[in-house]
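Here we start with a single chain on its own, the form predicted alone, put down as structure tokens.
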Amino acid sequence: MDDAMNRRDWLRKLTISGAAAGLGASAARVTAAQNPGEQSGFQSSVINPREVQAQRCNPSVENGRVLQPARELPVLHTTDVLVVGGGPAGVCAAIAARRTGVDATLVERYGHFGGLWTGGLVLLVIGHIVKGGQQVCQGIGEEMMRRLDGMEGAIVDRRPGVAPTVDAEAVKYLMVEMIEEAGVKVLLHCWGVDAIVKGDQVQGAVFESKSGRQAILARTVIDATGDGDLFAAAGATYERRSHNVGLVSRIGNLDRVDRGRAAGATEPRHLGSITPVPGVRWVNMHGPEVDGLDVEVLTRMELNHRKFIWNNVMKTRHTPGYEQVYLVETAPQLGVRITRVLRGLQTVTLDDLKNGTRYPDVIGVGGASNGEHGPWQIPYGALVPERTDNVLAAGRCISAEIRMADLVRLIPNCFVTGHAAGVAAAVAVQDGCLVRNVEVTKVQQVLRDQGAYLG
């Protein structure tokens, strides 16, 4: 369509077409019921007429306590490197491990990749530029940005020294393409719920899905869940933090504002920032500081934020000139920013950033929010737990002090730590050693060969 469509037009067209399709389907169902030999256009088959859930092991209540008995879990898959979490860090980790030459499996709880970058609609890419305009975040993440730049309607403001904005659907598509090109095995709709541990060594993870509770065995595991779910389940030490939890949304028809009518009115708040889609903006939300690991708190945030967003858009629509503005969508993923942070062999600190500390085991370089300071190095030890073996952290949950949280969690820096974790895990597999004992110089060379910048 040449002209933007408002919400009412869109709903009217959807209702009319849906009603027509529904009438046709209803008529077909009746015909099929009266004449079983005729096809309705849909197909369904009985797989098992009297199935009982296999491998049941139900909890019981004993003296008011719910007890879960021991049970054997089916092994769904065995792999060299298992990456849990398909956000920017996890996707880069899986691709990097596969390109290094080992089998890699990526498991994600949602039906898409990208984490909060896509499902959370955090579309602005900041954190890759330092003072002077130098871009320090390179490697697989930068390859992804270049490929978005070559796609129609995928990215805007993609130029040196500037923070670009992406389209979430374009990123979801591209991540699928890159993961398939690399040959990564993927399992979606699987929530990592436990770690498989022998002694201090992680040997895989347990997942819950529509197929039940199953296990994946791995020689090395990368926790890219954002919340440190796997390293926490494995017994690694971490710091638990609260942070602001918001909910991002997109609003449309900002290109159809009647500027004449709007001239005499106060411009509405929360109109957001541009996206690659004309007339559509994404609207960020800080939200209150809460515990992002508390399910009751998360539930309250979802309910409150969705009401706030809807009411704010309705208020905007009652502003002269803004009558055609509408709510395109609220993000399907709540904007949890920081929860668990690993206690690693080393910790990224603000003092190290200010002092320009250089690490012999550097595996990546982070940038600034708006190019206001210089680069800071990320040591390999920030990905490695103090004691627990064969698991690495990647993304926002690496070992970093609280003053660094709002830099570590930025998308480009998640690219960087995910890329490094993937290479390190693969090298550990190839050399038959624990990830804490991996030869860092070898990891650094592979990272450079794959386009990473180490300073």
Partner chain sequence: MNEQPADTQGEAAWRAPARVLLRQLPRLAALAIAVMLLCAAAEPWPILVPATSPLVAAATWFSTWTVSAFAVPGWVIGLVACWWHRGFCRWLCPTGCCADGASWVGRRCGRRPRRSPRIGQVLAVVVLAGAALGYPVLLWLDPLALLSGAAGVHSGHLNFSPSWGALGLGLVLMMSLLWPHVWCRRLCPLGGLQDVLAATMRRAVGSSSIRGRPWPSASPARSVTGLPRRAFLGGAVGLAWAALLARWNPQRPRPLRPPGAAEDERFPSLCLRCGNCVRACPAGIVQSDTGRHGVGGLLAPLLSFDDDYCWESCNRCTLVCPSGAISPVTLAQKPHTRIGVPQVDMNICLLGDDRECAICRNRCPYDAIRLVFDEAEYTLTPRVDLQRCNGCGACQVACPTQPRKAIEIGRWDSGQKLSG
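Numbering follows the first chain given and starts at 1. As the structure is a computational prediction, the values presented were derived from the model and not from experiment.
The protein also exists as the form predicted together with the partner chain; that form is not presented, and the subsequent description refers to it.
Colleague: Would you please decide whether Asp291 lies within 4.5 angstroms of the partner chain in the predicted bound form, comparing each non-hydrogen atom pair?
Modeller: Contact with the partner chain, no.
Colleague: Contact with the partner chain in the predicted bound form for His305, defined as at least one heavy atom pair within 4.5 Å: yes or no?
Modeller: Result yes; His305 sits at the interface with the partner chain in the predicted bound form.
Colleague: Against the partner chain in the predicted bound form, would Leu350 count as a contact residue? Criterion: heavy atoms within 4.5 Å.
Modeller: Leu350 belongs to the contact set for the partner chain.
Colleague: Please determine whether Gly287 contacts the partner chain in the predicted bound form, using a 4.5 Å cut-off between heavy atoms.
Modeller: Contact with the partner chain, yes.
Colleague: Each of His270, Val283 and Arg337 having a non-hydrogen atom within 4.5 Å of the partner chain in the predicted bound form: is that the case here?
Modeller: Verified in the predicted bound form; spot residues all in contact, yes.
Colleague: Specify the contacting stretch among 232-240, 365-373, 153-161, 189-197, defined as having any heavy atom within 4.5 Å of the partner chain in the predicted bound form.
Modeller: Stretch with heavy atoms near the partner: 365-373.
Colleague: Heavy atom within 4.5 Å of the partner chain in the predicted bound form: which of Ser211, Thr319, Gln135, Asn244 fits that? Just give me the one.
Modeller: None of the others qualify; the residue that does is Asn244.
Colleague: Of the options Ile179, Ala170, Leu76, Ile126, which one has a non-hydrogen atom that comes within 4.5 Å of the partner chain in the predicted bound form?
Modeller: Exactly one residue meets the criterion: Ile126.
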